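In structure tokens, the next block holds one chain alone, the form predicted on its own.
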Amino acid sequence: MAIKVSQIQRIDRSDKEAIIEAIIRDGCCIIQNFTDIATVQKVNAEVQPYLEADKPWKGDLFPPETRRCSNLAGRSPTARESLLIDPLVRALTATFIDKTTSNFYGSTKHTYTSEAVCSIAMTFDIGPGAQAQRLHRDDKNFHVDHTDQTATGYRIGSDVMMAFMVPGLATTVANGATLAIPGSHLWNSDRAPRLHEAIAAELDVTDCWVMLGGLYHAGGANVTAADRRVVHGMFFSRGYLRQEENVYLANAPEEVLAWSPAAQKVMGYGLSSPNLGFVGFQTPLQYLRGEVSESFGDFDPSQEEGKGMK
């Protein structure tokens, strides 16, 4: 069956509001001029040794022709300090994934926001002969019960994760560009996706594919004789959910302490407001630094009496 080529919206990174509107409508879009060729080439070079050392997957999740570089944040400084903490990525995760709630703590009303963290960051290298994945939703790990929003329109806050995919080289229908069903983020959990509904999201090297966790999609088949499709994937979830990749065991403390504060935060070495993720009543970074405190206080100052939202 012929794969339809993109009717997916392509929007320059400078137009943040249009990107947000596209994600609301379609559950996805292609961000043009997201990064530059030099940055992508640096990431490609940093992950290459790990891709070459990877072993074929024995199972259904990845085709055996796929090679992977997990722990992208730890293994690629460029991906960690450029792509993962890109201001546009943060603006979009803040819009769609951050969770803000208010409740009473005693007689004072307080508001807390759990900011999105990177659930997993990984490079995929799909070789010739790889079959397409089955259409799926990435939020399956978080047991999301999707309700029908086709009549009401999308409700911001109904997704708990979103993904950003930066190609290491141009992705095409032939080498396995991502297949997606725009609008499927509005479907309930009982509606099955069909391949004839999917279209291919072809990407140039400086583009970025962004999609909500509730969007049905799949990696395409690589039908070329020699081309490999390299994609750097970054997946973000709500800060109070368990991350898919256990970066805490993958990276030594001294390595993490050398990361930028923004990278440490987005990789989950902070706290989810108000109190989630402490170690011995210290923040993770205080623990890693070996700091010793004689006294402890509220992690979120807004919990203190009189500092909440009255």
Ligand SMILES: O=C(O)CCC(=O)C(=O)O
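Residue positions are given as counts along the sequence shown, with the first one as 1. Every value quoted in this text rests on a predicted model; they were computed, and no experiment measured them.
What follows is about the form predicted together with the named molecule, which we do not show.
Taken together, the three residues Ile24, Phe96 and His185 lack any non-hydrogen atom within 4.5 angstroms of the named molecule in the predicted bound form. Though the named molecule is absent from this view, in the predicted bound form it lies within 4.5 Å of a heavy atom of just one residue from Ile181, Ala132, Met165, Leu92, which is Met165. Taking a 4.5 Å heavy atom cutoff to the named molecule in the predicted bound form, the contact residue among Ile126, Cys118, Leu212, Ala79 is Ile126. The stretch in contact with the named molecule in the predicted bound form, judged by heavy atoms within 4.5 Å, is 135-143, chosen from 82-90, 135-143, 185-193, 148-156. Put simply, Trp259 is far from the named molecule in the predicted bound form: not one heavy atom of it is within 4.5 Å. Mapping the unseen interface onto this chain, Gly239 falls outside it, with no heavy atom inside 4.5 Å of the named molecule in the predicted bound form. Using a 4.5 Å cutoff between non-hydrogen atoms, Tyr50 does not count as a contact of the named molecule in the predicted bound form. Look at Tyr105 and Phe278: in the predicted bound form their Cα atoms move 3 Å or more farther apart than in this form. In the predicted bound form, the CA atoms of Phe278 and Asn141 sit closer together than in the displayed form, by at least 3 angstroms.
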